[in-house]
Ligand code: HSE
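Below sits a lone chain in structure tokens, taken as the form predicted alone.
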């Protein structure tokens, strides 16, 4: 084969208290990446970027998550090959929904299939995580793991990579609003506290453990309670997202089980079921409208499907 095209889904990381340790794949939106063999070169070139993009996405391989992930996989396997990469963004960059992670996941999945490589998920996740250096200045695997393999992914460590994944709760739904506000990932990490007291550490660990148990049981009420238990990350990042507190309060008042920040933001998600998803999304959107904040809103559900080859 001379080229392969793959797509990988958006994801929500943290899901409240589980900072950098939990990610969940969504059914949509998705990024599409095509990888082509370039027989005239031994380098990697970002040939095209289209879709929901912005000027901040670099064509420089070392500053593009897909390019850097492809390079990481090629270097890891000691391959000498020329590649051209074309990216179609279906996930808004800097949304907090794993846009950079989806591109990184899609490119390593496409490259693996293009070259007929029989490598495990761990190797693909590690390579894709290296791509996140372009967005966050260091590798992290919560988004890329969910985008690659789907479902819920819980990470124990990044080096060595250890994780457990399991299916998403069938009844879980999300109402999501993306305010037209720019939140730089590096800035969202810079506002986090450098030291944490014992009381907050205990509360955060308890919330994360409770969330994993609630996800395994498929208990939406308890999932929501766990999502609302973040006492460290959400309070620090909320001030970067104008309207967050108002949207969260409105969503919970309208019957959402929980509400928090998508990854590093500015996306805001609410935990719903099919019966209240539409109304809660409407309330979240109306709140932003009342504050004169432009936004995109949509309904989504978690997915057990990760990256896949498309034609």
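Keep in mind that what you see is a predicted model, and the values were worked out from it rather than measured. Residue numbers count along the first chain shown, from 1.
What follows is about the form predicted together with the ligand, which we do not show.
task = Name the residue from 140, 86, 92, 222 that puts a heavy atom within 4.5 Å of the ligand in the predicted complex.
result = None of the other options qualify; the answer is 140.
ask   = Which residue among 123, 113, 204, 185 has a heavy atom within 4.5 angstroms of the ligand in the predicted complex?
value = Checked against the cut-off, the match is 185.
Any non-hydrogen atom of residue 267 within 4.5 angstroms of the ligand in the predicted complex = Residue 267: no contact with the ligand in the predicted complex.
task = Answer for residue 19 alone: is it within 4.5 Å of the ligand in the predicted complex, judged on heavy atom distances?
result = Although the ligand is absent here, residue 19 would touch it in the predicted complex, with heavy atoms inside 4.5 Å.
inquiry  = Just checking whether residue 189 would be counted as a contact of the ligand in the predicted complex - the rule being heavy atoms within 4.5 angstroms.
reply    = Taking the distances in the predicted complex, the answer for residue 189 is yes, it comes within 4.5 Å of the ligand.
query = Using heavy atoms and a 4.5 Å limit, would one call residue 13 a contact residue for the ligand in the predicted complex?
reply = Although the ligand is absent here, residue 13 would touch it in the predicted complex, with heavy atoms inside 4.5 Å.
Answer range among 58-66, 27-35, 259-267, 238-246 for contact with the ligand, defined in the predicted complex as heavy atoms within 4.5 Å = Only one stretch passes the 4.5 Å heavy-atom test: 259-267.
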